[in-house]
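Structure 1 and structure 2 below are two forms of the same protein chain, each written out on its own as structure tokens.
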Structure 1
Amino acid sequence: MIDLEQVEGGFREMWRELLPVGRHEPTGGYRRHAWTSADGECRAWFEEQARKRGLSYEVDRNGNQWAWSGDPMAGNAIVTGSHLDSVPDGGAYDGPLGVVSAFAALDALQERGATGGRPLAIVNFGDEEGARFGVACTGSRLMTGALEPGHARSLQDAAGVTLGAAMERAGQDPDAIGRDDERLARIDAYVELHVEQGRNLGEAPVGVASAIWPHGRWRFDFHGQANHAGTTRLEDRRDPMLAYAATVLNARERARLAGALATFGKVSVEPNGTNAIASRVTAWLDSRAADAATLDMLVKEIIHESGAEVTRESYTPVVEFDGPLRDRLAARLGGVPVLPTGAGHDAGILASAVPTAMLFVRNPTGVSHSPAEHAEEADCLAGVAALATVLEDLL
């Protein structure tokens, strides 16, 4: 294992620099949404970290940032990293911990002259959370061909701004997005470090991922008739809020019975007046399960009983991380826990194209996607040391 003293100072400095960016003071959470000013600050920070280390810096045609140690065109690269964007009022660790740890691990390897004879790249994948345009892992999905470019360009945020327009405003060419076979062919393996989004590691500071549950997002449109809240008799109402509320409760109960997860975490109401009966309720279901059959059955039941017009916006099948790579990491780290996760990651998207693996850093409360998300510094440093150790082995 890498000596923790080799990484501590650099890790702390990078963490302090990044911590204020995109922080929303009233809630303490982060609003680093794709192609906004906060996202731009994060991207500028990434570029600065690359240049101060003398790394080759580039942005690919899908908006993902790359920092290369060694020849980017050699064709046998080991890649690590994560993302810097956030969910609305998200925590500090989800995503950024993997990017900061990647730079810190590289520093440790360079200090001891252990970078090997092959290229190492650090990546910041764009729009992993999908908080602004509704599709998670946009950068990695475009890169692997899992997201069709025309559909991606037409995605809209709440203000009606398309992803294509937002990219263009940020200086990125939206007409160039799409599957990047040439870049994928250069990657031998991708290893992503991430804070655990749960508390299954127990007393172990670091673990290895075995798989990602299948998961997806569905938009439910409940239609009704706008009317006056103070004069319309109950029996005369066509109130879509009732069907929405019943669907939320039904989804929760059916998920419980199936041993799965179903969450309505985003809702939009029209006309959204306190004294008005709604004409329309649009709500988004996030559902996950240990296997595809359970997930499909659960979502079909929820849709059937909702009476809503439903559109599937994204779906990711079960991801089994590369077995030999997973086992190699676990063995190299001395038999750390190996566990599945219900959270989606860029590593899960890349798994369809290149061997991928994930490291988890202990989360003492299990809280994530929240300002209360936390990891102890000692565990974060243990994560950096673990990442440096496996990168040295792979290099």
Structure 2
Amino acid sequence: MIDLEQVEGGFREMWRELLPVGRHEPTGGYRRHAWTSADGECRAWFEEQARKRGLSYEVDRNGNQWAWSGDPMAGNAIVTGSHLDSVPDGGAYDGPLGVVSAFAALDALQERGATGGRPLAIVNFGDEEGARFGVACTGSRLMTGALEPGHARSLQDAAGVTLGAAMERAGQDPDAIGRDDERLARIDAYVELHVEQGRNLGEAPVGVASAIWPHGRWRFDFHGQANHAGTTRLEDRRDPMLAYAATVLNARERARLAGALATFGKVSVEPNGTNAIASRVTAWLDSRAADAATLDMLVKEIIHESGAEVTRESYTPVVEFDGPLRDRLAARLGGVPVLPTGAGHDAGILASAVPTAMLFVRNPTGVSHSPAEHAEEADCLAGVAALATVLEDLL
């Protein structure tokens, strides 16, 4: 049994150090976007954690940070970690909890003298949220070859700065990015701890991920006819706002019946005038389900009943985490929930290249991507214990 008393203080101190970094005071949320100064402060903090533990520190070609216990070149490494960047006005836990827990778990293992079997690395993947350049999991996608380097370099932020230029300003060589098979070959397993982003754990402090739901994004164009809001009889209107409103409610009801998720969170209206009936409403559907068949059926129904012109903008198939690794974690932790998630993670990207697993820590409110995101300290420490337990087993 892992004894946490020795590492609780260290966990709290790391948490305290990170808390003010990139915090936007008016909202209380975080703005730690890739390759900004706030991101740089997070990265400096990571390097400092590695140095003070005597770990070998390096940044890979794709801007991901690594802290190694043991010989990085020995192979058969076990890797844990997550990311430190955030969505706009995101919460404190999404990402950082996995990195802080990784250092705390290593501390616990070192207390027990349980390191040394294989190399153990802690990783901070760059630009997981994609908040600045629009592509999520950039660091892990580049590493596995899921993102083409030339395309990545040309991605632009809202100010027109390319990812290539932003990396260069931060001291990273953008010409060196790309697939890193040599590094992947040295990794035997990746385990990412992450705060759960719904309330699916119930009262359990920790769970094991089974899969990432397939998900996609569809653009709905509702066409109508611009007209005068003060004179056009109701029966003469072709008001696309009505079809949009009906589709929002229908999508919710259909998703409920299917046990899936459907969300309209982004809308654009033309001409968007107070006294003008809209000529066009464009809205984006985000939908996710446990399996592709359910998702496809759900989205087909929503599209069919909407009357809109619909374009699929992205689609990510289901990710099933490595079965033996998942079962081994679940067995080692004994009776914890094994559950899927609707959110993308670096672990979902790594899963295509190395055996990968995830641990979730309970989110009592289910709130994430928001300043109100929260996890109880007792649950976080249970997460550290669980992570240390499975790492000890794997090492």
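Superpose the two forms; the largest set of C-alphas matching within 1.5 Å is the rigid core. Numbers follow structure 1, counted from its first residue as 1. Note that the structure is predicted; figures quoted are calculated from it, not measured.
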Structure number, where the criterion is the form predicted alone: 1
Pick out which of Ile212, Gly63, Ala262, Gly95 lies at the hinge where one rigid part swings against the other between structures 1 and 2. Ile212
In whole degrees, what is the turn of the smaller rigid part against the larger between structures 1 and 2? 22
Distance the CA of Pro271 travels between structures 1 and 2 [rigid core superposed, Å]: 11.2
Rigid-core-superposed Cα shift at Asn250 between structures 1 and 2, Å: 7.9
